[in-house]
Each structure stands twice: as structure tokens, then as C-alpha cells.
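Here's a solo chain for you in C-alpha cells, the form predicted on its own.
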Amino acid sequence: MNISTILDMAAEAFGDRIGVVCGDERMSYTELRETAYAAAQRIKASGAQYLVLLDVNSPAATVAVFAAAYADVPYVPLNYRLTPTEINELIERASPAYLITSAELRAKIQPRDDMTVVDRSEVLAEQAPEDAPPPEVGDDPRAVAVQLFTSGTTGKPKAAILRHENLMSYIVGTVEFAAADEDDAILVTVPPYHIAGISSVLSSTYACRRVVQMPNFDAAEWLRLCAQERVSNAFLVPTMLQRIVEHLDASGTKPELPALRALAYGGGKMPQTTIARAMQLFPNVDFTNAYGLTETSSTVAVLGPDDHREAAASSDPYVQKRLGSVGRATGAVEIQIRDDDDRPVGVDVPGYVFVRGPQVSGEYKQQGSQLDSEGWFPTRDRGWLDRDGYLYLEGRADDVIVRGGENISPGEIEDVLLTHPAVADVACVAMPDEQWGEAVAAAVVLKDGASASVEELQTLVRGKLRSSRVPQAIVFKDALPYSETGKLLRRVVRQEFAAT
């Protein structure tokens, strides 16, 4: 089944319902489909083998997802924050291309003979004639639907492949068709090149929920837009939720968002203090932590609203701790933890996280499938499962600090440091050490007006963990480096300690 089926079903069931909102622009599902039809015809006429998007959130991004599916070519959204050199290197790997962009970003693109560049305004202005036959859509579920370039933090970005069958398995397995009321709306703040942005478009269209797009995140503007559009659902990365909480606390105001019912977050580690405070500020909102990867077509584990409330209300430390987990596997996937020898481990034993299920692609262009003989995908995340199946993440496998042959998770040290009342944010990384090979270093952000000494923080860690976990060096920072999708850029933090 082709993902274009999702828009077909929405347009046929609720054609007049508004599907996308961005600023003053509004498109019904019928208009969205007709615009995607027209774009698909132009893609086919151009001879392009990829539809590339270089743009912020806009209705053109939603059109592009479905236009590529109707034209039976991969949809390739690019990170518009990259340098021109990086962008053009990626375009070369996704050519011949039909490229949709904006006037502001067009200057970053080098002309190519095998590329057709169009402005998003052109795409949105054209609709297929009412009597025009629908595109002949491919029926191969194994065809590539989306090609997403990874962040490339340790080398050139890899091109992750998601096939129509992967995405449809995720959508059909997690969303009920037409489940949303006509007034329901989701506010999307993640960029279109992030898997969460794509899955929001697909799942919301399948649910027939209005998608409100926000091109650039700002906490005050997010609150204003939520109120104006009577947003019922939202997805945020942890840093965004933290900024909203800080904005509300600093302004001393209470959010007036009576329509907001559900708020999902994911894409990075959420400090327990932040989510606990957010639940106080939004007491009538259902919070969900969603863990997933590009290679898994989005969510594979969920900490649901009942889990949040139970953990927040419990006096049992074992249950309270769940607020720091990413929940349990969805019904569509399995999760397994393995040791360094690739053997499954028991409960509460840390190791490498593996996932398996029909939505899991685990495939890269050129490198091929990364699934093992039994269909398991190595996420490269480290974590453990408790006795009730809740997954706790320690960080990326590459983030592990190896001190004298002992593997140390930065996450366990960060969790301890975050218990200090003065600490707002922290990142622990490896630093060179002549005796041990690597030692623990920490970059710490203090709360406004708060203070703490290096010795005080070291004593805190020493009192709760083994001495090998005590940071050898601590620096205080105004802020930590994060990507626009909420990922902590540990490589940037490591560079500061590399010459120490």
C-alpha cells in the first residue's frame, strides 16, 4: 500500500475539512490532494527520480510528502540549516531532482542540469483540473517512500530508507482512521526533515486532524498559536517544552489553553524536573513520551498519560523512576537488550537496544539493510528494561566513557547532578586521561541566580555513585549546544575537554 492512500481516504471522507494551517494559509483535504496531484504531474514530466524539499514548515512540505508518493519517487527533505556546501553535496546524492524551496533558501542551491527548482508558492498555486484523472500510483509496498539523511555527526550523513510498507505499518498500527473530531488540531513545531515531522503529517492526515504548522519555534508564540487555533494536540522536543516551562515560570502566568488535551514529547532526554513541572502547569493535559528513530518509522516505545500520572503520584521509588523512562514497546514492535557479545540480557541489565517489527526499516542507501538474520535492528542506543518492560535509555553507544576498561554511562552521572537544586542542565562526556585512557568531564548550566562549586558537585556524585563516576573536570556554561530537533551535541562538548 502506498502512503498516498492516507490522503485519498481523508479527502474522500472529509474533503471540505481543513487539513493544513500555516499563518494565513489554509488548505482543505480536497485542495491538498488536488495540489499534490498537480505537483506529481510536474514531477513526472520533469523526469526527476527524487522530490527534494529545502524549506521550513509550510503547506508545501505537506504537499511534497504526498506528491512524491503519487509520482512514485522518494521524498527527500533536507536540513535547511546546513551550509551551502553540505546542502549541495546531499542534492548530488538525490538527483535527478525536482526541488521545492523558498526564495530565502534558493541562494544556497547550485544549479544542476539534472535538477528542476521551483518555489513553494508555485507549488501551492497550482491545482489539478477537476476532471483530470488521478495519477497512476505505484502499488509496490517495497518502493522507497522517504529518504532521510542522518545528522552525520561522525562522518558523512547516511541516507536512511523508509519504504511504503514500513510507514503504512506504523500508521495503521498506531492510529485509528478518522479518529479526530472536526475541531481537533495538532501543532507541529519539528522541522519537515525530521522523522517526527513526517510522521505527524501522515498520522494526523489519517486521523483527519488539522495540522497547524509553526516554521520557527518560540515559546511565547507557541502558547499564542495554541490558544488562537484551539490546538488539542502537540508534539515537542524536550528543549522546546523546557523553554515553555521557563517562559511561564518567568512571566508568572498560567497557560490558558482549554482545548489542549494531549502533549507528546520525544527526540531527546527529558529532565524529570521539567516534565514534573510541565504536568503541574498543564494539569488537564495527557502527556506522552514517544521514543523512536528515523530507521524505525518513528515511535517504538511509549510512556503514556496513565504512566505519567501514576509515576508522579506514587511514593514508591520504583514507580516514580518511570517518569525518566521512555515507556514500553508499542504493540507493533519488540524490544531486546543485548550485551557486548550480542547476547540477550535480563531485566535491569544495561546493554544495547535492539528493535524488531514490520515498521522497522533499518536500511541505508548503499550500505543496505542493517537487520540481523532474525530481523533485529541495532539502534546504537544503550539502555535497560525493568521487570515491567519499561525502557530506560543511557545514551548513544558512542557516548559511553571507557575509563580503565570500565564502561560508564554519562546518563547515570547526569541524573545525579540534575538532583542538585542549582543545576538546570548538564552533559557528561569523555576527556583524555593518561592513566585511565578516558575520564569523566561535565559541562553544567546553573539555574538563574543559583550557585554551586565544582567540589560540591563532585561530592554529590561521590556520595551516590562509585568514585570512577566522579567528574574529573567540571566547567560552567551559559547553555549547552543542542540541535534544532533537541539533540544534545555531545561532540561539541567533548571538543572543549579534548585539549584539557
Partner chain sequence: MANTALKAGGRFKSAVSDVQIMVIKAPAGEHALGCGGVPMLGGSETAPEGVQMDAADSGETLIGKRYVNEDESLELLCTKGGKGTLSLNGTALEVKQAKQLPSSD
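Numbering follows the first chain given and starts at 1. These numbers come from a predicted model, not from an experiment.
Below: the form predicted in complex with its partner chain, not depicted.
Peer 1: Any of the heavy atoms of R210 lying within 4.5 Å of its partner chain in the predicted complex?
Peer 2: Outside the cut-off, so no.
Peer 1: Answer with yes or no whether D183 is in contact with its partner chain in the predicted complex, where contact means some heavy atom within 4.5 Å.
Peer 2: No, D183 stays farther than 4.5 Å from its partner chain in the predicted complex.
Peer 1: A143 near its partner chain in the predicted complex, any heavy atom under 4.5 Å?
Peer 2: No, no contact at 4.5 Å.
Peer 1: Find out whether any non-hydrogen atom of Y318 is located within 4.5 angstroms of its partner chain in the predicted complex, and reply yes or no.
Peer 2: Looking in the predicted complex, residue contacts with its partner chain do not include Y318, since no heavy atom lies within 4.5 Å.
Peer 1: Pick from 324-332, 420-428, 375-383, 87-95: which stretch has non-hydrogen atoms within 4.5 Å of its partner chain in the predicted complex?
Peer 2: One stretch meets the cut-off, namely 324-332.
Peer 1: Have a look at S199, S232, T274, Q370 for me and say which one sits with a heavy atom within 4.5 Å of its partner chain in the predicted complex.
Peer 2: The residue in contact is S199.
Peer 1: Only one of G389, G268, P305, G404 comes within 4.5 Å of its partner chain in the predicted complex by heavy atoms, so just point that one out.
Peer 2: Selected residue: P305.
Peer 1: Looking in the predicted complex, is its partner chain within 4.5 Å of a heavy atom from each of M1, V172 and Y206?
Peer 2: Yes, all three are in contact.
Peer 1: Looking at its partner chain in the predicted complex, which residues in 288-313 have at least one heavy atom within 4.5 Å of it?
Peer 2: T288, A290, S298, T299, V302, G304, P305 sit within 4.5 Å of the partner.
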